[in-house]
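Shown next as C-alpha cells: one chain only, the form predicted on its own.
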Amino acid sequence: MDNKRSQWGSRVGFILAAAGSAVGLGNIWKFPGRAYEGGGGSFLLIYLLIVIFLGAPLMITELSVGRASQSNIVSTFQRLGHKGYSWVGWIGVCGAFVITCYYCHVGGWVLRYVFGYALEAPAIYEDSLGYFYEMLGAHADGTTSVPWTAIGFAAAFTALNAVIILKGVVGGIERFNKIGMPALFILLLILLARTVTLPGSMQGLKYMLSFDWSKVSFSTILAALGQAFYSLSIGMAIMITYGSYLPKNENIAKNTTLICIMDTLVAVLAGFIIVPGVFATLGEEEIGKGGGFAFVSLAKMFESMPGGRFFGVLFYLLLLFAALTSCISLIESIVAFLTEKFSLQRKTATVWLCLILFAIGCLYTCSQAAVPLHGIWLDGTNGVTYPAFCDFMEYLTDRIMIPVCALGCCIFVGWVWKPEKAIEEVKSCGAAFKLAGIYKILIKYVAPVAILTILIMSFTSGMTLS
C-alpha cells in the first residue's frame, strides 16, 4: 500500500460521498416516471429486490476490489495479480470519461434553471418548450445558433466541480458531500411536504403505494435492473476508486447497506413528490421521465402549484446537488487514474481533464438542437442508424461501457480472483459477513446473467440503462 495515498477522513464522509455518487439525476427525473409506468408499488418492490440481491453485492464487489488493491481502476487488476483483466478498468475509466463529458453539460442546464425560476419564471411558464430549446440554440423563428447560454452555464458547473476536486478527497469531495447530501435530503422533505398538501395529491400517493401487476412485464424488470445499476454507480470506475480510499477498519458490507438505503430513499421520495404532484396539478396522463419531462413538462406543475416559483427553485437546487455529487465522483475516478498511472500532479490532471470534458461536452449540447451532429450505431432492431451525437454518447455508455465493465468485475471476482478473496476483504475490519454464502452465488451466477440480459436486450429492444 502507498502510504501517501489519500484516504477518507471519516466513515460518515465516505458514506455521504459514495451515496452522493449514487444519487444522481436519474433518481429524480427518471425513477418516478418508470415507477408510474411499472405499476407504482409493483415497480418499487421489484426495484428494491434488485437493489438487495444484485445492486448491493455488486457494490460490495467493487469496494472490496478497490480497497484490496489500493489503486486506480486500471492498475487494480495488476495489483491483484491479474494484469490481463486491466481491460475492465480501461472500459470503466473510458465510460466515466464519456459520461462526464455530457453530465457536466446537463448539470449546467440544471444550474440555468435554478436562475431561470428565480429570475424569470413567467417566461418559463409562458412557453416551457420554447424556453428549453432557446437555451439550446433553437429559436422560435426556426433559426439556430451556438447555444452560448447552455455552454456558459456548463462552464460554470464544470468549474465548480474542478474547484471541489482540486481540494482533494478529504478537503474537497468529503467536505462538499457533508454539506450537499444533508441539503439534498432537506430539499426532498420540503418538496414532499408541499406536494402531499396539494388537493388531489393523495390519489397519486395511493397509486405509488398500490400494486398494479397488470402493468408489470419483462420490460418493467429490465427497466428496474438498468435503473438500479446506473443509479448505484456500478460499472463506472467510481466505487473501485472510492473503495481504494477506504481504510481497513471500515465495514464494507455495512457501509454498502447504508449507501443503498440512502440512494433508494432519494429515488422513492422523488417518486412520492413528482407522481402525486403531477396527479394534483396536471393529471396522471402528463407523467413522463427524462430531461424533457424535468425541464419542460414540470413547468406546468410549478405554475399550477401555489408558491410554485419558490418550489421550482428548490426542485432545481435539488437536481443541482444530485448532479454535483455524481459528477464529482466521476471526475475523481478519472483524476485518480491520471495521477497514479501517468504521475501527473492533481492540479494539472484536474484542470486539463475538465477542459477536455467540457470541450467534448459542447458537441453534446450543440447536437441537441443547434447543430446536426450524428454518430453511427448498429443494433438488431434497426440495423445501421445515425443517431444524434448526444444520443450516440449515451448509447456508448448505457448500452456498452457500463454493463461490460460491471460484467467484467463479476467475472473477475466470481471466477478469477475468487469470491473468497472479496469476502476476506469484507471481513478484514473484524466484523462477520453472515451472507457470505449467498454473496458467492449472486456474484458468480445471478449477477452475470442479469447483466448479460441487460446487455443483450439493450441492443434488441432499444432499452437504455439511464
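Just count from 1 along the sequence shown to find any residue number. By rigid core we mean the largest C-alpha set that fits within 1.5 Å across both forms. All values reported here derive from a predicted model rather than from experimental measurement.
The same protein also has a form predicted in complex with 4-fluoro-L-phenylalanine, omitted here; what follows describes it.
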{"property": "Any non-hydrogen atom of Phe302 within 4.5 angstroms of 4-fluoro-L-phenylalanine in the predicted complex", "result": "no"}
{"property": "In the predicted complex, Tyr230 touching 4-fluoro-L-phenylalanine (heavy atom, 4.5 Å)", "result": "yes"}
{"property": "4-fluoro-L-phenylalanine contact in the predicted complex: Ala336, any heavy atom under 4.5 Å", "result": "no"}
{"property": "Contact of Thr256 with 4-fluoro-L-phenylalanine in the predicted complex (heavy atom, 4.5 Å)", "result": "no"}
{"property": "Interface stretch in the predicted complex with 4-fluoro-L-phenylalanine - options 25-33, 426-434, 410-418, 53-61, non-hydrogen atom within 4.5 Å", "result": "25-33"}
{"property": "Heavy atom within 4.5 Å of 4-fluoro-L-phenylalanine in the predicted complex - the one residue of Phe77, Tyr103, Phe272, Phe176 that qualifies", "result": "Tyr103"}
{"property": "In the predicted complex, the one of Thr281, Ser329, Asn161, Thr365 near 4-fluoro-L-phenylalanine [non-hydrogen atom within 4.5 angstroms]", "result": "Ser329"}
{"property": "Yes/no, Val413 Cα shift of 2 Å or more between this form and the one not shown with rigid core fixed", "result": "no"}
{"property": "Rigid core fit then Arg399 CA moved by 2 Å or more between this form and the one not shown", "result": "no"}
{"property": "Did Ala96 shift 2 Å or more between this form and the one not shown, C-alpha, core superposed", "result": "no"}
